[in-house]
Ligand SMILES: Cc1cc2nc3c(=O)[nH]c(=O)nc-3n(C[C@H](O)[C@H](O)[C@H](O)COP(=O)(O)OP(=O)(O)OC[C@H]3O[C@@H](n4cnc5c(N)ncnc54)[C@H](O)[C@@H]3O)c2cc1C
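Single chain ahead, written as structure tokens, the form predicted on its own.
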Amino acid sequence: MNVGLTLQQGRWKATARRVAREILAPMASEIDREGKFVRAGIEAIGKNGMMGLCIPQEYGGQGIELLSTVIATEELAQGCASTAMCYVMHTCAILPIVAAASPEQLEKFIRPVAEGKILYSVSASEPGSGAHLWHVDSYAEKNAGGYVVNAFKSWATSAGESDYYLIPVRSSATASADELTLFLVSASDPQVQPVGKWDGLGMRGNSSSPVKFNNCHIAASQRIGHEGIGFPLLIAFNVPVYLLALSGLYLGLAQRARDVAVEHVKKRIHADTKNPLANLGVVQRYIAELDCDIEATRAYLYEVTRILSYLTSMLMELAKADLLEKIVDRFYQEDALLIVAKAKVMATEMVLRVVNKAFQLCGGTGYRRGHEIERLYRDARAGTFMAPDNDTLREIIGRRACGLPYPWQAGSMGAKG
């Protein structure tokens, strides 16, 4: 349904659906089976203009189109969840750059993205931080030519495949865990080394391996914004887009699982009754439950995304005026992180309910290795523990409901040094 969408949003939905059906879906089984990176799918997304949905029009993009991005991700995930995951991580790297980059950096790092020529990845998680994305141990050391960074980032979607990694590190050895600086590091740097080959239970085509930055020399021109402002940039412009787009991915995966199950029960004929499974009341009730679960999540996600689109546009104006303190204050006043946290929890737990019921509807047929439901079941499982995992997000939601500050505002960031 395109009810409530603008003409532009409806067109992007149709474009993403076409790419998903014609290009991503035919490759999805092979990608899953062989653990191949989704290069052809990323190229198709770029050729169809979707890499720049969050890029200002003056740099060749479509403007801050968060809802179009979520809808596109939802459609892409119905073709191949691994491709959609790479698209999510690429997209959420863009807005912090747009918010804080210099005009020269925007020309170099943003305009080519709108042309589909650059793939980004965010490499933030570290072994000691777990789901606490607000805690970073690695740091930058200044030298005459810029900075030296030693860091081990434990998860990096598109590792070894992206063109640039957006990485947060502490601004110095004595900086606190949330005094972060953002850098764009070229994947071609020989000191940037993906570690091992990704071999996950699901999402097998997104190359989510660790990445080691080993005595990596980074020029000052690769720093995004001022030193020490990385955390406000992440919390206002990266994390919300990531959580919304990720929610869109799992919404799309749920929709596909529902559609596969419905197709199965319509075609599966019992030999004794000569009727399809779809004629059974219990099957009809299962399908009704799937539809209600999916539509409730979609309604909440779309509404939250509309709210965040409006807020993000306002925050972007403050960023361009270099008023970062006001950005964070406004973001917290609106409790924007709270509503996107709820969206992620809702979507990633809804998809597990939906895929489990779809599995039940497909029975032993769906249990076979290589069946689409079996792949969707494995892909769906990753969502609840993708950082911030759902238990951490519930804690945040509960803290705010009780009038308590966010964890990083409550002195839990860790000591300096």
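Keep in mind that this is a model prediction, so the values were computed, not measured. We number the residues from 1 along the sequence you see.
Not pictured, yet referred to below: the form predicted together with the ligand.
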Stretch in contact, per heavy atom within 4.5 angstroms of the ligand in the predicted bound form, of 95-103, 252-260, 156-164, 300-308: 156-164
is_contact(residue 208, the ligand) in the predicted bound form, heavy atom dist at most 4.5 Å: yes
Touches the ligand in the predicted bound form: residue 392 (any heavy atom, 4.5 Å): yes
Non-hydrogen atom contact residue 382 with the ligand in the predicted bound form at 4.5 angstroms: yes
The ligand contact in the predicted bound form: residue 146, any heavy atom under 4.5 Å: no
Interface residue in the predicted bound form among 112, 130, 276, 228, criterion: non-hydrogen atom within 4.5 angstroms of the ligand: 130
Listed residue (286, 198, 139, 213) with a non-hydrogen atom within 4.5 angstroms of the ligand in the predicted bound form: 198
Members of 58-73 lying within 4.5 angstroms of the ligand, judged by heavy atom, in the predicted bound form: none
